[in-house]
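Only one chain is included here, represented as C-alpha cells and corresponding to the form predicted on its own.
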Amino acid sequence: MQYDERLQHVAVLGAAGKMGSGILLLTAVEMTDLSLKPENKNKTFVLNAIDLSDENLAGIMEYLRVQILKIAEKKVIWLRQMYADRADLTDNEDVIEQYIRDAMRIVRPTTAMEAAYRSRLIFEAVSENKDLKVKIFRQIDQHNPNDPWFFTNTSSVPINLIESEAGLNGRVLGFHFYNPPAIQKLVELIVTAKTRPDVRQFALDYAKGLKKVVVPSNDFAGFIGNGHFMRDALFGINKAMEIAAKRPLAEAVYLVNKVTQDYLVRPMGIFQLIDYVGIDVVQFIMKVMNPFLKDENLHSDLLDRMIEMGVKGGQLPSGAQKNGFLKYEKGAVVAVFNPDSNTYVDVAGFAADCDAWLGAMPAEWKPWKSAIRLSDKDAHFASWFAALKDTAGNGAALAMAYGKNSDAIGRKLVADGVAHSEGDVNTVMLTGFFHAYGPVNTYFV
C-alpha cells in the first residue's frame, strides 16, 4: 500500500486532548495536501477525530479552523497552483477559504470508537496507561479488516509490551510527538524487534512530510526524553529537599528553580517545567518507568505530598499555566507553594535574601533568549561555565553539580542502550526541551 493510500482513512484517538489536537491538526493538513495532488482528486480522504467528549470535539473543530487558516496563509502560492483549475477562486481569500473547507470536510468528529474500524492508520494520544492502550488497540484490531497500523504517542510505556499484549505483531510503533505537536519539531521514533520495515519507513516518510526531526530511541521505558527529564527533575527535587534542611522549603524550591533556569541557561527552571508537564503526570511517568530500572528508584515523597494536597499543575484548556510548585500571574512566577501551611508564599518576601545566598553571577552570563541566538554558542558556554567554575558562591556550586549530573544522565542513557548516541541525547534536549546546549558536553569536567 502506497503512502497516500495509507493516509486515505485515518483515526486519531484522544483527538480533543492537548497532544491529540496537535496530531489531528498536523494529520489533517498532510491529508488535505495529499488530496489536492492531481492523481488524488477523485479519492476520498477521511480523518476520524475520536474523543470521549462531544463538547471538547466541538471546540476542537473551531481550533482546527483557526489553525488551518494560519497555515494556509503561509502557503498561498502553492495553494494557487493546486487550485489552478478552479476559475471560481479568483483571489487569495477565496483560495484560502476553499482549502479550509477541504480540510474541515476531511475531519469527522465522533465519540464512537467504531469509526476507527475502517481506518488504515491509528494515531493514539490517550492517557499514559498501558492497559487502556492495549484494550483500545485490541478492540480496534479485532473489528478492523484493513490490517491497521498503530502509532502510539506514549512517552514512557515500552512499545513491545503494547505490541505483545494487543497481539499486533509488528504493526505498532512509538511515534512520540513533543508538546505542542504543531510547533515542536521533535519526534522520538521507537520500534520493536518485530516492527515491520514498511511500518517504520512509513513513519519516517510521514515525519518528513510534517518536517519533523526524528530521533530513534531504543524501546526502554521513558525513552530518551523522559529518561533524561525524570532523572533531572528528581535530582532537582532532592537538591531542594537538601536545602530545605536549613531554609524553608518554599525558598529551597525557588533557589533550585532559579539556578536551573538562570545559571544553567534553560527556558524554564526545573520546578516550572514540572508544573508545565503536570506534577501528577511526572509522578505517573516515574511510576511507569520504575519497574524497569535495576539500579535506581524514581520516586519523590514531595511529589506524592503535593498530589495528596490537590496541587497538580498542568495547563488550562486555554493553554494558561495552572499553579503547581509555583504560582503564576500572567506567566510570571509570583509565589511558591508551602505544603506545611497549604498556602503560597509570595516571592517578593524572600527573593532578595535567596539571591544574596546564591551569590553574584559572572559577567559572562546571557539569558536563554539571548544565548540561543548566538552564532558560536559552544564558545560562549565554554566561557560561561569556566567562569562559573571559578566563582565562589552557593549558586555557582549548585549549578555545576546540577550540570555534571545532567551530563551523567545523558551518558548513562547511551551506556544503558536507551539512546544510540550522545548526539541523539543532545538533539532530544535541544529540540524537544529547547535547551541552549546539549547536556552531554565538556563544560562540567
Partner chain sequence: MKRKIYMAAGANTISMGTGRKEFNPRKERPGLEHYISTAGQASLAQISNPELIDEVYVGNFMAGRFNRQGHLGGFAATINPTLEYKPSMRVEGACGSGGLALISAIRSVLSETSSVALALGVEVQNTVKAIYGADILATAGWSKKRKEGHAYFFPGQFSDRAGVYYEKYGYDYARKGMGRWFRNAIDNARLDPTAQEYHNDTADLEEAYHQAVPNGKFFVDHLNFFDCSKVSDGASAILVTSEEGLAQLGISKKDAVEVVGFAQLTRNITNDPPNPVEMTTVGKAAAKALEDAGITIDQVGTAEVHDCFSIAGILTVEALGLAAQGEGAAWVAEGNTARDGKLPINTTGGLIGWGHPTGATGVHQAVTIWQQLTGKAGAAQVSLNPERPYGLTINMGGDDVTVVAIVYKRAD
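From a predicted model like this one, the values you see are computed outputs, not experimental measurements. Residue numbers count along the first chain shown, from 1.
Below, we refer to the form predicted in complex with the partner chain, which is not included among the displayed structures.
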{"property": "Contact stretch among 299 to 307, 83 to 91, 192 to 200, 111 to 119 - heavy atom within 4.5 Å of the partner chain in the predicted complex", "result": "83 to 91"}
{"property": "Partner contact for I77 in the predicted complex: the partner chain, 4.5 angstroms, heavy atom", "result": "yes"}
{"property": "Proximity of D280 to the partner chain in the predicted complex, heavy atoms at 4.5 Å", "result": "no"}
{"property": "E73, heavy atom within 4.5 angstroms of the partner chain in the predicted complex", "result": "yes"}
{"property": "Close approach of L69 to the partner chain in the predicted complex, 4.5 Å, heavy atom", "result": "yes"}
{"property": "The partner chain: the contacting residue among V333, A240, I96, L264 in the predicted complex [heavy atom, 4.5 Å]", "result": "I96"}
